[in-house]
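Given next, in structure tokens, is a single chain: the form predicted on its own.
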Amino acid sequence: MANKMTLIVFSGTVDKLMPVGILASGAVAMGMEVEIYLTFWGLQAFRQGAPQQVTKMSAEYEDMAPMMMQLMKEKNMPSWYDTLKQAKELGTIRVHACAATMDLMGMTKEDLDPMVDDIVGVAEYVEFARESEITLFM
């Protein structure tokens, strides 16, 4: 089993995307490879120009969103996107778009942020997960 972590990113809200950046940073700091599989709303957050505009929290934390955004601003906390981008510069992180979601939403590779490396099918994702020591659903 490889020294690898796999994240499946289903949600496109800040409260779910922040852990993606933080966990990926921690994993590469520990010498792990990271595979990130973007599907449904997680993939929407990686549309061209979208990462800088994602400010929504999931409904269960919606009431806390203004307070959390203010705290993050006061603490100069980098955005989820900047955290993930920096982690990708430090280690091996591959970001994959779900082929079925791309097809469903009529998207092409040109619609995606440059951080996305490629488009893969579910069988490839399952292979990434099979090779990983840790697999998390976000």
Partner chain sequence: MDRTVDARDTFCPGPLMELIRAVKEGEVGEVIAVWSKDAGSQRDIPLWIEKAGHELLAVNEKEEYNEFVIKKLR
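Quantities reported herein were computed from a predicted structural model and do not represent experimental measurements. Positions refer to the first chain, counted from 1.
The same protein also exists as the form predicted in complex with the partner chain; that form is not shown, yet it is the one meant from here on.
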Interface membership of Met77, the partner chain in the model of the complex, 4.5 Å heavy atom rule: yes
At the 4.5 Å heavy atom threshold, is Glu89 in contact with the partner chain in the model of the complex? yes
May I ask you to state whether Ser25 is within 4.5 Å of the partner chain in the model of the complex, using heavy atom distances? yes
Is there a heavy atom of Ala29 no more than 4.5 Å from a heavy atom of the partner chain in the model of the complex? yes
Segment that reaches the partner chain in the model of the complex - one of 89 to 97, 107 to 115, 51 to 59, 35 to 43, heavy atoms within 4.5 Å: 89 to 97
